[in-house]
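Single chain ahead, written as structure tokens, the form predicted on its own.
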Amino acid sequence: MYSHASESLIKQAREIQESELQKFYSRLMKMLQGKELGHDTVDSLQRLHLILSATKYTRTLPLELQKRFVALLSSPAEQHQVLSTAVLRETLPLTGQELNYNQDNLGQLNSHAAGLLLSQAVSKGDLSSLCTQLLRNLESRPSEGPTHSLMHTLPVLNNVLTHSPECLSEDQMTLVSKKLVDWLRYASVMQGVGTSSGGFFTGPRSRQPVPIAELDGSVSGDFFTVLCVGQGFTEDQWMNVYSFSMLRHWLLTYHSSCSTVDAANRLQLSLSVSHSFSNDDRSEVDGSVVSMVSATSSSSRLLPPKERLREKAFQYCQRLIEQSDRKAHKKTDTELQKACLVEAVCILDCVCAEDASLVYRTFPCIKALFGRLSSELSNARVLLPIAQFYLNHGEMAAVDCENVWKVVFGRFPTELFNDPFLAHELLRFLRLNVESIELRVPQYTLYFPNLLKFLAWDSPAMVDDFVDLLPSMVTTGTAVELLHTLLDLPCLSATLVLQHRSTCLPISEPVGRSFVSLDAFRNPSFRGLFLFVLRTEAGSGDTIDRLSTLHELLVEAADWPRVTQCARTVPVLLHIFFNTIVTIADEKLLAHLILVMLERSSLLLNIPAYIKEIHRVFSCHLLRLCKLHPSLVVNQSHELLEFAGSTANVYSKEELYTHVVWVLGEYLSVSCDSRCSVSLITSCFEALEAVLFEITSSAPPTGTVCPAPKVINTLMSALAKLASRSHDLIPRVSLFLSKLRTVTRSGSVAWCSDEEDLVAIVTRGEELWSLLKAPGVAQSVLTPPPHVIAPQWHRDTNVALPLQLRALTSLTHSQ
């Protein structure tokens, strides 16, 4: 991993003796006391950093040496600042009064010192002290320090606010708001002398200051923003950029919960803006140029600092939106325009949430911006903040939002389902606003076929999002179609792959491997099948008649990676679907869902592991639905009996078949539903009896395995339960059970290959036979009354059990 020389140095650093280390500390201390720090000092600092970082143990420097390093943070040489910061990061900060990082021993607070303080702050008091030092720098005039003295201030302050927003006092918040106003609105409009320091802007050399320019090359006629370009930039212009980058965080942190001006007064003041022009509103910055294009009136001075910052932020974002309409010369500048638009719309959303009067001033601009951007898919990520703005304020402004949702929920997933960044941002938008969307966008639930395309295309990355979103898509009107859609999700995944390949591989271009499914996708006779899978909105039908045909066309897609990954997510979503639907659906809808489960159990894309998992999910929730609503068994008795009476289902749908039989035996009872008649019990008994007789009298069909003991035991138990409710059937069950014992005595049987399984089946049969010899006992055991199933004896004061429990408890506790 390392070269031999590097490993040797690291080994020496780790094995240095304490005595030698103390001597090294002394030599370094003498070097740092000198007036000039030469190359030997730099080499020693680098060696000390290696010694400290090469060991897993944290070392503590001598107090005087550590103070020297703290003083070195204020060195004019950045190399010394970097090395001293690196060394101090590897040591434990001293506590108490031994070493106090403050303005006195730091000299001038630079970016390296501020970063060190932020990393080593252990309490809110430390962060408050750091904020005080940062704000002290903000109050200094530009002439009092080097030109880069403030460059670090806002980024570090922003980090501090992230960790501890409450560390600023009211006066400090007012100061920051005033400074942000200065930098945002009154930065110099002349280019700085010299080359740019990099970052947002690039440009050729220039010796004489000239006015700043727009991205299209024209001279700017308004105040400076992040979208202005030049050959060099002044410090206040860089502070303008930093201010804009932290403006939204600042507004969300300190303005959302604070309101110092009554809403009516804010409305009156905001409406008076821009009626007259004045150069008096220059805040505290000397030499600022006030634009004659967008200068605010002197009435803005009536606003408190927070309200004034809100107004300036509004003007700044309006100017950015205007600048974004200019044709940029460079592609990178075009991307910068989009990024700034996203931030500008988000900031406008914040200020409108704080001041409702700004909604009416903002919406014309937002509406025009949407009209300009919505035609180009390349602007998709910019349109999401616009959709957020419409969602938050469209109702107040009485604006029709239908076109916005058609683009966001309709066009984006249809055409950009394979864009991972858009998918992440759109799903994040939905997760953050799901309650508001359900309330204000009723058509949202109709777009679930389209939104599921993101999941079908990239299931591993999107499954967490849909775990949160799926409950919001489940309604009584969409439940049946949504269930079909979830079961066909692997088909949707395969169809999206075919659609993508169809656009990438022209029909006339030969390919090395022939895809039958791709030919079918391009075949007009099958086009309707694929169009239904790719539909944008729900409501065109729950499913299609030729679903088996679609599965045959996509048979080769069963082993495609995207399809198999998608298939693994479906069981998870089905659990969420059923957990949600039981809370909102009535018995009629639940009965319909049971029919869908029985029908779709044989209509799934041929992926064996997928089919097995779906049957397991169906089995689990069939039991749950019937337990919550036992009358469903009588309502759907015809379909359940038809399913349970098919011997083929024993071998192909073992899990689901077993649970259907158990449900029939458990809930087909007068105690569960008074409509349950003797004839219904008899017909169910005869259907299950025929199946049990068939599978225990012959070998399994070719290509299948013997039925599991669980299936046979469940069938026998169900027959015994039904016979206990209609005593005329007991002789028929007893006859079968006696024959079963006689047949198994002769040795192995064709329908059970394992001897232990056979013993378990026979034992179960003998237990049931013994019970049925006493019909009254059998009914009490096989169909117990509710008070026996859920006993409350420990709470019943009329019996002796509570007294016995209390006596036993006191005895055990006393011991």
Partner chain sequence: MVRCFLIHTVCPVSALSAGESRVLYSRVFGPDDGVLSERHRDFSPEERRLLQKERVTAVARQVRSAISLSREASGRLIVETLPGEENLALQDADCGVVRLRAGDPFSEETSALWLGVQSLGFTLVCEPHENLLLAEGTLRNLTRHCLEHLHMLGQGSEVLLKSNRIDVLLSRLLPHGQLLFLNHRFAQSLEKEVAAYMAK
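Each form is matched to the other, and the largest set of C-alpha atoms that superpose within 1.5 Å is called the rigid core. A quick note: this is a predicted structure, and the numbers were derived from the prediction, not measured. Residue numbers count along the first chain shown, from 1.
The same protein has a further form, the form predicted together with the partner chain, not shown here; the description that follows concerns it.
- Residue-level contacts in the predicted complex: of Glu139, Glu552, Asp464, Glu438, one residue has a heavy atom within 4.5 Å of the partner chain, and it is Asp464.
- The partner is absent here, but in the predicted complex a heavy atom of Gly115, alone among Gly115, Pro471, Gly394, Pro209, sits within 4.5 Å of the partner chain.
- Of the candidate stretches 67-75, 641-649, 231-239, 479-487, only 231-239 contains residues with a heavy atom within 4.5 Å of the partner chain in the predicted complex.
- Contact here is defined as any heavy atom lying within 4.5 Å of the partner chain in the predicted complex, and by that definition each of Ser53, Gln79 and Pro420 is a contact residue.
- Remark: Ala339 counts among the residues lining the partner chain in the predicted complex, judged by a heavy atom distance of 4.5 Å or less.
- At the 4.5 Å threshold, heavy atoms of Asn159 reach the partner chain in the predicted complex.
- Among residues of the shown chain, Arg764 is not one whose heavy atoms approach the partner chain to within 4.5 Å in the predicted complex.
- Interface membership of Ser188, defined by any non-hydrogen atom within 4.5 Å of the partner chain in the predicted complex, is ruled out.
- Interface residues of 314-338, taken as those with a heavy atom within 4.5 Å of the partner chain in the predicted complex (partner not displayed): Lys330, Thr332, Asp333, Leu336, Lys338, in sequence order.
- Val42: CA moves 2 Å or more between this form and the one not shown after rigid-core fitting.
- In the core-superposed comparison between this form and the one not shown, Ala760 has its Cα shifted by less than 2 Å.
- After superposition on the rigid core, the Cα atom of Leu771 is displaced by less than 2 Å between this form and the one not shown.
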